[in-house]
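A single chain comes next, written as structure tokens; it is the form predicted on its own.
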């Protein structure tokens, strides 16, 4: 049944399009606006999109709109991290001791296009591309847009939701009223950036390295990762500082880049067929965390997704957290029976605790992936965790709590997981894993 409210959603990325679908399913009139052109009608720009890891929280949200099974047909399961040493030795560190728990490599563009196709199926949902938001009136849920021809027009809704990414125009409008809204904002950039490279498929269309893993080349102060694509290629991402021997500003010629790779990433160098061209063409992106509060204004306007909580990509939860925003928001519509002031307030009061938690965990994982995955005690702890998960179905490591237990909030997963990590790291530093009484270890962990 059609609802009376008209809802303006600004930003047709992953979060905004999924939100628009949920609202359209409920019968609301939805007007979805996107600054970029329709990606389905243009060649996708390369070099700026880190591959996405889709896991349980994101899949739960997709299931609610009937897209889970379709999306999974275009995903590649990744069962663990394939660690590449400087010498070229390989070690697979599984994500879980349970065989049915893994993460999925998915194309950001492909997933966004699937969502846009789904959105197009609703007669009460209209998508407007090439609409740059230039002004937002939070009190009246009104937005001004500039189209590709330079024409300005105003869109008025009953409600307005900004899902317009880390540079959100809606959030900037909230910041402009910071005194009135008591709006807090923080932005923290890592001293490292990222650059995309690629491993093409073999001449027969196969994979040059192990398909079903997230590959990591941990090197202490920097690292490189690779995620598989459907066509046999891998999207490779360098995470390096800007300065120093390994810095992007230092590696500024093809000769320097190749010499560096020959020393530090030697095993993958033969597979980077277009290294010189990729390195020259693809820009260095920034990596930052955004936290803010409140997320709502006047009971009429709201932000979610990266507009409210941009995080670094090292827990594979940025998209999953944004999709969970949409699921939680959808559940609040039922809980408060469509009372939007209460829905907005509840979402803004309770959701940030969890998104702040996953933002902090992502920073923690940055250090872990760069350095600790090769640490002896860390390796022993992960081995113990895999044994515990295999032996005891009700044991979950910190990673598994975050990634495979969507019914558990991020804040709860972080708190419980950190206590477990501290206990297990201390334990394996003193005792050999094979000599442990596993049932006693489980009881001790459960008592934390």
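Positions refer to the first chain, counted from 1. Keep in mind that what you see is a predicted model, and the values were worked out from it rather than measured.
There is another form of the same protein, the form predicted together with another copy of the chain; it is not shown, and what comes next is about it.
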For this session: Pick the stretch from 330-338, 73-81, 265-273, 177-185 whose residues have a heavy atom within 4.5 Å of another copy of the chain in the model of the complex.
Result: 177-185
Exercise. Would another copy of the chain be touched by all three of 279, 314 and 359 in the model of the complex, meaning a heavy atom each within 4.5 Å?
Worked result: no
Seminar exercise, completed: From 247, 294, 232, 110: within 4.5 Å of another copy of the chain in the model of the complex by heavy atoms is 294
Seminar exercise, completed: Only hit among 86, 166, 190, 221 for heavy atom within 4.5 Å of another copy of the chain in the model of the complex is 190
Exercise. Does at least one non-hydrogen atom of residue 253 fall within 4.5 angstroms of another copy of the chain in the model of the complex?
Worked result: no
Exercise. So, in the model of the complex, is residue 202 in contact with another copy of the chain at a 4.5 angstroms heavy atom limit?
Worked result: no
Problem set entry | Touches another copy of the chain in the model of the complex: residue 134 (any heavy atom, 4.5 Å) | no
Exercise. Does at least one non-hydrogen atom of residue 286 fall within 4.5 angstroms of another copy of the chain in the model of the complex?
Worked result: yes
Seminar exercise, completed: Taking another copy of the chain in the model of the complex and a 4.5 Å non-hydrogen atom cutoff, the residues of 234-250 making contact are 242
